[in-house]
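The chain below stands alone and is given in structure tokens; this is the form predicted alone.
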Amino acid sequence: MHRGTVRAKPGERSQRAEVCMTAQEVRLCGLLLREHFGEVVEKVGTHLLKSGAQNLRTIIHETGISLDLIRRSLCVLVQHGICMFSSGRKGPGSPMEYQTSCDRILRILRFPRYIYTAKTLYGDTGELIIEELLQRGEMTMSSTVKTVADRLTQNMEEGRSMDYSEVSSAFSKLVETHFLQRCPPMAGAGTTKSATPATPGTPAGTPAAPVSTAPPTPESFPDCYKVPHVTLIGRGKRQLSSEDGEDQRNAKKARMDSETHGDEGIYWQVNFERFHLHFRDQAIISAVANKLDQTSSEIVRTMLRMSEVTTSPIATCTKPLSANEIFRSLPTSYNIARPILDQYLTLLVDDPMEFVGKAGESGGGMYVVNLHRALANLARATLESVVQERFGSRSARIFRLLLRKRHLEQKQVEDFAMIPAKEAKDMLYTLLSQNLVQLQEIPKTPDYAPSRTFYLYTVNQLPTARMLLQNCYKTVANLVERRLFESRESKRLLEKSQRIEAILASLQASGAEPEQLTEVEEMITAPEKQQLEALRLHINKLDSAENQVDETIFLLESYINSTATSAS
């Protein structure tokens, strides 16, 4: 077995294809679980990652955690779609088995990007809807609409409020564009329930047992994207700021819980795959804009938008589109004449990056977007960029040369790259030591004598991308650890700052005098303010670095998955 790799034990593998997880992936997953759900959930989650599918008794025995904590941890993981459960391998009646995967946990890393995308496409309302669903895992439409309307009202001017109908409209748009989907109902359930045993109304210690042998997928039932008729009339409410209003809030919450809106038992979750398709399309559009111009990118954007519904998520290219269809679907603001469009399409087809291909001549020409080839080119550009940043422009020149020529001897590398022999030799050996370049031996005779053997340098893009992906996992894990360490070291100061901010907010709400506010603000000394500012700046930099590395992770993962799909 490859060093640093964790595999599921032979008797505990799931029915799907065997999944290999590296130590770096497991480490990063553990850090994400600890940060968002606590140490107990982290221990249960990482145990399931390393051990594969296990029943409740086995998990308790091998982790040494109490039954109640195990149940609560599994409920949290199932609630957020991280843990799957199904009947045991011995068939119906056998103990329920739980399993998880790195892919589902690593989604947590992308939460800020999901939220920002929703804000970009659907404004503040869409942002808060996605944020609430990511935080809670799954919710009913009525509950989501009320919560989001209340949060929006809280930030509005006094006397203004958000109407439930506006939030419902944004929710419906997210469903129509498949960014939200219904949780699949459990097979054999007598009533309409959520896809997981831990619904928002289910006590944390009592996970329900499904009857099916395998968890159904959301797309496997017809009502996946059907919005129910919800009777919601009213506007968002402001939270009561006084402590005396606690009893009123509790009474109001109990009254709201007893209300019916027509969508009881219908839970919704974020469709991560749809977001990933959007990220992939945006990466392709951005690459075309950088390589050619904005008009070319708008043509590719139009082609991707037209083929969203007709193209499978795992397809290597979009369905063919005629030039006539593309022309009719272009935004009117661009005013592109038909002859100009034909020139742009020809330019895109002839471009070495091959983002667009020609599939026929009917209808003025049939064109496709080469999704797999585009991802391969984007991954290749990422690899070249990494080599240039780490080893300099001359090493990047050698790396690009080997990618283009496939196999070259050392003397050929020196000649083609126009680099002195000594420098080229040092650079090749440095790249070879980092596994970015491989050396292939081709013997003239069976004895492999060095004098009768060709030594060819080459770059294998797929294994190199996998290696870089593991480096990215390690980098993000280090960034998360550092951020947690910084927060832990300054815990007392952060708690003091939060208490003072809460006191200030309470005084401002009650209409306190400016002298009182100034007196509270002075409870934090000038050195403490400087320390807080430096800490926030440092943490913001770490957060930004995490998001940037995650973009590289997404690109490399998409390329690797696309390669596996096209090869199968």
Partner chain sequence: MAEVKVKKETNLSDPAEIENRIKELCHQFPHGITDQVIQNDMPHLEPQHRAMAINKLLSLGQLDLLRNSSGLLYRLKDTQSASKMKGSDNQEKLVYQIIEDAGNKGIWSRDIRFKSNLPLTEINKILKNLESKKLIKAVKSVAPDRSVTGGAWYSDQDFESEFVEVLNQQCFKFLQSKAEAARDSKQSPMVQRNSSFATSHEVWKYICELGISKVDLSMDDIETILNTLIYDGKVEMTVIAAKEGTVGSVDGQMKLYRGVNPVLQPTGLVRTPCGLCPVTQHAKHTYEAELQVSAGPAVSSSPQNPHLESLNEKKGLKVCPVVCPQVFDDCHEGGEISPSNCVYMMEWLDF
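Treat the numbers as computed from the prediction; the structure is a model and nothing was measured. Numbering follows the first chain given and starts at 1.
What follows is about the form predicted together with the partner chain, which we do not show.
Task: Output flag, Thr346, Gln388 and Gln434 jointly within 4.5 Å of the partner chain in the predicted bound form, heavy atom basis - done: Answer is yes for this spot.
Open item on the list: Is Leu542 part of the interface with the partner chain in the predicted bound form - any heavy atom within 4.5 Å?
Closed with: Leu542: yes, in contact with the partner chain in the predicted bound form.
- [ ] Mark Thr231 yes when one of its heavy atoms lies within 4.5 Å of a heavy atom of the partner chain in the predicted bound form, and no otherwise.
- [x] Result no; Thr231 lies far from the partner chain in the predicted bound form.
Task: Distance check, Ile442 to the partner chain in the predicted bound form, heavy atom within 4.5 Å - done: Contact check for Ile442: no, nothing within 4.5 Å of the partner chain in the predicted bound form.
Open item on the list: Test of understanding: in the predicted bound form, would Phe485 fall inside 4.5 Å of the partner chain by heavy atoms?
Closed with: Yes, Phe485 is a contact residue.
TODO: Answer with one of Phe179, Phe171, Phe85, Phe355: the residue that has a non-hydrogen atom within 4.5 Å of the partner chain in the predicted bound form.
DONE: Spelling it out, the residue with a heavy atom inside the cut-off is Phe355.
Open item on the list: Please tell me which of Arg235, Lys496, Lys291, Arg452 lies within 4.5 Å of the partner chain in the predicted bound form, judged by heavy atoms.
Closed with: Of the listed residues, the single hit is Lys291.
Open item on the list: I need the one stretch from 67 to 75, 273 to 281, 476 to 484, 143 to 151 whose residues put non-hydrogen atoms within 4.5 angstroms of the partner chain in the predicted bound form.
Closed with: That would be stretch 476 to 484.
- [ ] Just give me the residues of 537 to 552, first to last, that have a heavy atom within 4.5 Å of the partner chain in the predicted bound form.
- [x] In sequence order, His538, Lys541, Leu542, Ala545, Gln548, Val549, Thr552 come within 4.5 Å of the partner.
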